[in-house]
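Next up: just one chain, as structure tokens, the form predicted alone.
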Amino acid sequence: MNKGGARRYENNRIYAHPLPLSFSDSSSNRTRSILGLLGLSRSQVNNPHCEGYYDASTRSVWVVTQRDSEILWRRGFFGKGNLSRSEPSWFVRQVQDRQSRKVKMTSEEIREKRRVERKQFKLDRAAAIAKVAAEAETIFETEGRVVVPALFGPEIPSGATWKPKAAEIEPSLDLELSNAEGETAVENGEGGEEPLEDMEHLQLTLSEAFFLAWNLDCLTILDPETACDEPLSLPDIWNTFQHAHLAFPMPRFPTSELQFDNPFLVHYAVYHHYRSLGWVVKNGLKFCVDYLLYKRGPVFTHAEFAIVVCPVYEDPQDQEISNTDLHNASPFTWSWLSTINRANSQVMKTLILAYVTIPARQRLSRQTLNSPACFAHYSVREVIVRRFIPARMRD
């Protein structure tokens, strides 16, 4: 098996479960076949029962144990490491940084290595140009001939000919990585270092946390403000996540009432819509959109679709009297749409405008917002936007 095939096999093994819930059946194949003909099954649902802490300042849920973090990431790609780009890999990077040889580099290390190499290339090129200029000046002073310093040639390194030197790159790379991560090592007389402590946690968005707690019942959200970190009930989670997007209550003023155009409700409606269709939904801030849709997950393929959430009020008067400033609720300009579409088309992503219809206040009572049953009154409509490129779309 070649290297690529072995890697795909390993990824398929590690990320075999699409959701944190798994099913097990200890019966024989014959028994399962007979029960399958009858439409029955003896499979048992295995619930991992993960735990997380709600953090109001970041509007997220922190999963601090390594066991729960691995389960939620490997089974559905939920959350991201707060010290990593996606998968929590800070501790692995620190361990590899302390080793004399690195078997496998993470994406963050590869990025830092490229930055250091580009920096070293610029320094070497500037030094070579300065050397040629000094030689031309010496010839002018000694021989009186005017020699124009060459900016290109065998003595001037270019992007195609320059090769990094291990002796120059590796020490500076280690220094850059240690400074970036803020890790200071204390050496003793034998050259040992202090034991590492995993300082990273998995950070879930409110939509991800509510999906795990409400739909899958595999996440318990704890309240760190209580004395014993008491778990929040589902009604408490529902109200807490909505109030997280409301205006901060002022002293001697009543708490803000729940609104139908709450950003949490609007974005969760889109998140739940695509998660229920089997897509892996991740944050799309890198590509100036709200969500990215992966068929299986970030470790398998790139995202195929980029989602922009566009709230639409069923009653236009609700938008005029609302004190919530929803992003993309007002008509956007064509220049903005063209910019977003072009940016995602260049990276082979299809732009989708997800229009979320917000129910009218006159049609529903405010008591409807007291439970997740209110999502029955929200609807999601999709509009695909493509760039017309004459050279590619003549057929």
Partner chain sequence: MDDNLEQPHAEPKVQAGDDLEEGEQSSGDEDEGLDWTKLMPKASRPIIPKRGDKEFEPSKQGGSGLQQHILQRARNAMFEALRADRTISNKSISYGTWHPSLARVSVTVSRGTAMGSIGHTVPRETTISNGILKTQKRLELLPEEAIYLIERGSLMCWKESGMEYPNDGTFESVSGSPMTVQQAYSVMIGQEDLTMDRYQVYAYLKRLGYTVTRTKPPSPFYPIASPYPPSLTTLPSSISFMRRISALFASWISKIFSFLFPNSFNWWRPLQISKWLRVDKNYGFIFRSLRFIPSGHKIPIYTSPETKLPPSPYEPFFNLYKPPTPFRKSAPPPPDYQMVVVNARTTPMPSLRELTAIYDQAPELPPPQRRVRNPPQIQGVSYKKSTGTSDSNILVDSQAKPADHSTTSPSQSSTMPSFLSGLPSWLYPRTAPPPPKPERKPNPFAVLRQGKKTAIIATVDAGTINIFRFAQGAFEAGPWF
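Residue numbers count along the first chain shown, from 1. Source: prediction; values computed, not measured. Heads up, when I say rigid core I mean the largest set of C-alphas that superpose within 1.5 Å between the two forms.
Absent from the display: the form predicted together with the partner chain. The rest refers to it.
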| property | result |
| --- | --- |
| Triplet 54, 91 and 245 all within 4.5 Å of the partner chain in the predicted bound form via a heavy atom | no |
| Touches the partner chain in the predicted bound form: residue 117 (any heavy atom, 4.5 Å) | yes |
| Residue 298, heavy atom within 4.5 angstroms of the partner chain in the predicted bound form | yes |
| Residue contact check: residue 275 to the partner chain in the predicted bound form, 4.5 Å heavy atom | yes |
| In the predicted bound form, residue 222 touching the partner chain (heavy atom, 4.5 Å) | no |
| Residue stretch of 194-202, 284-292, 91-99, 231-239 approaching the partner chain in the predicted bound form, non-hydrogen atom distance within 4.5 Å | 231-239 |
| Contact assignment for the partner chain in the predicted bound form, among 261, 314, 112, 124, heavy atom within 4.5 Å | 314 |
| Proximity to the partner chain in the predicted bound form, single hit among 304, 143, 155, 325 (heavy atom within 4.5 Å) | 304 |
| Residues within 4.5 Å of the partner chain in the predicted bound form, restricted to 337-373 and counted by heavy atom | 337, 338, 341, 342, 345, 348, 350, 352, 353, 355, 357, 360, 362, 363, 370, 371, 372, 373 |
| Post core alignment: residue 264 C-alpha displaced by 2 Å or more between this form and the one not shown | no |
| Core-aligned C-alpha movement of residue 200 between this form and the one not shown, 2 Å or more | no |
| CA of residue 299, rigid core aligned, shift of 2 Å or more between this form and the one not shown | no |
